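Given as structure tokens, the chain that follows is alone and in the form predicted on its own.
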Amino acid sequence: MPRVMLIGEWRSGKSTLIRILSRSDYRPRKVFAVDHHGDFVNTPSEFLENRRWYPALITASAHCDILIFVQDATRTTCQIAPSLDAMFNRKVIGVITKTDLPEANVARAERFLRNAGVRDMYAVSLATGDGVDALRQELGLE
């Protein structure tokens, strides 16, 4: 199985995504340091939101095979910097979360991720499970 690192804003669904993809009891929580759970690496949202922490993202990604940029479909803004994918020498995919909520705007979230350099994206609902199987297949978890 590949080692996967998740990068996203606070409350974007990174921890819940890890719990669902790993099929474990990983508890969604605010992480304050790089958090390892099996083959998943959860990064603090501050690493994304403050460019001073970009070197920490690069270092944390050194032993990862795939990076996931997580974008909440209900957000009207995005903290993921334009062309952020170019900073990493890894495969980068995008995951759009909270697609089941009435205020979700998947097209806007796709634009945000495309601006960050993401080509392959998966829209998922972590509440209903929609789209999770395709993501699991992409990650080689099936």
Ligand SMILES: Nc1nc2c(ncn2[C@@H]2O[C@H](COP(=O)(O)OP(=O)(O)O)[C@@H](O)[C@H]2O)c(=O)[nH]1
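Counting begins at 1, following the sequence as shown. Owing to the predicted nature of the structure, the values given are computational and were not obtained by experimental measurement.
One more form of this protein exists, namely the form predicted in complex with this ligand; it is left out here, but the text below deals with it.
Novice: By the heavy atom within 4.5 Å rule, which residue out of 33, 62, 107, 101 makes contact with this ligand in the model of the complex?
Specialist: The residue in contact is 101.
Novice: So in the model of the complex, does residue 126 come within 4.5 Å of this ligand, heavy atom to heavy atom?
Specialist: Although this ligand is absent here, residue 126 would touch it in the model of the complex, with heavy atoms inside 4.5 Å.
Novice: Contact with this ligand in the model of the complex for residue 22, defined as at least one heavy atom pair within 4.5 Å: yes or no?
Specialist: Looking in the model of the complex, residue contacts with this ligand do not include residue 22, since no heavy atom lies within 4.5 Å.
Novice: Do any residues of 74 to 88 have a non-hydrogen atom within 4.5 angstroms of this ligand in the model of the complex? If so, which ones, in sequence order?
Specialist: Contacting residues: none.
Novice: Given that the CA-CA distance for residue 63 and residue 28 shifts by 3 Å or more in the model of the complex, does it become closer or farther?
Specialist: Distance between the C-alphas of residue 63 and residue 28: shorter in the model of the complex, by 3 Å or more.
Novice: Out of closer and farther, which fits the Cα atoms of residue 30 and residue 49 in the model of the complex compared with this form, where the change is 3 Å or more?
Specialist: Farther apart in the model of the complex, by 3 Å or more.
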